[in-house]
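Just the one chain here, laid out as C-alpha cells, in the form predicted on its own.
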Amino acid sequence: MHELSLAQALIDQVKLLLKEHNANKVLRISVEIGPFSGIVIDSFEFGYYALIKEEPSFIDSKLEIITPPALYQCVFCGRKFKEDELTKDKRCPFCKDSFLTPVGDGDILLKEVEME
C-alpha cells in the first residue's frame, strides 16, 4: 500500500513547513492528485487520517483532495479533450481516430497548507 507512504511523506513535508513558519497547528491541507498517478484516493485519505492520530500538530486537520479530469490528446489531429468527451467506443470526439495518448500529471502536488 504505497498510499500510506505517500501520506507519511506529505505529513513530513508539512511538518517542515510548520517549523519554517513557526506554526504549531495544521488546519487544512490541499493536495492535487493527478488522474494518472495510480494513487487510490480513498486509501491515501485513510492513511492520512490514520497517521495524524500520532501527530499532535495535525489533530483535527482537514485533508482536501483535488482530482483534475483526465486529459487525452489525439495523435492524428492533435486536439486535447477530457475523458468524458471520448466517443462511446473510446475515440477522438473530433476526428474519430482511436490512437490517443494521456496528457497530464501522474503526480501528487501540495497546493496549500493552512496553519496557525
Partner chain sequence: MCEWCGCGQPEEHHGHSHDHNHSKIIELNKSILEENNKIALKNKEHIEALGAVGINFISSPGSGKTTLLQETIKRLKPRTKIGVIEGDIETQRDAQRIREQKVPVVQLTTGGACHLDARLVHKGIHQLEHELDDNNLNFLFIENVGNLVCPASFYLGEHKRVVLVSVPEGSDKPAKYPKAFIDADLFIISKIDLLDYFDFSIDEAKKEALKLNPKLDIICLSSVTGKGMDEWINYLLNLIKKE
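Just so it is clear, the structure is predicted and the values come from calculations on it, not from any experiment. Numbering follows the first chain given and starts at 1.
Another form, the form predicted together with the partner chain, is not on view; read the next lines as being about it.
Just one of 27, 50, 70, 77 comes within 4.5 Å of the partner chain in the model of the complex, counting any heavy atom, and that one is 27. Using a 4.5 angstroms threshold between heavy atoms, residue 102 counts as touching the partner chain in the model of the complex.
In the model of the complex, the partner chain sits within 4.5 Å of a heavy atom belonging to residue 106. For the chain shown alone, residue 38 is a contact residue for the partner chain in the model of the complex, at least one non-hydrogen atom being within 4.5 angstroms. Contact check for residue 21: a non-hydrogen atom falls within 4.5 Å of the partner chain in the model of the complex.
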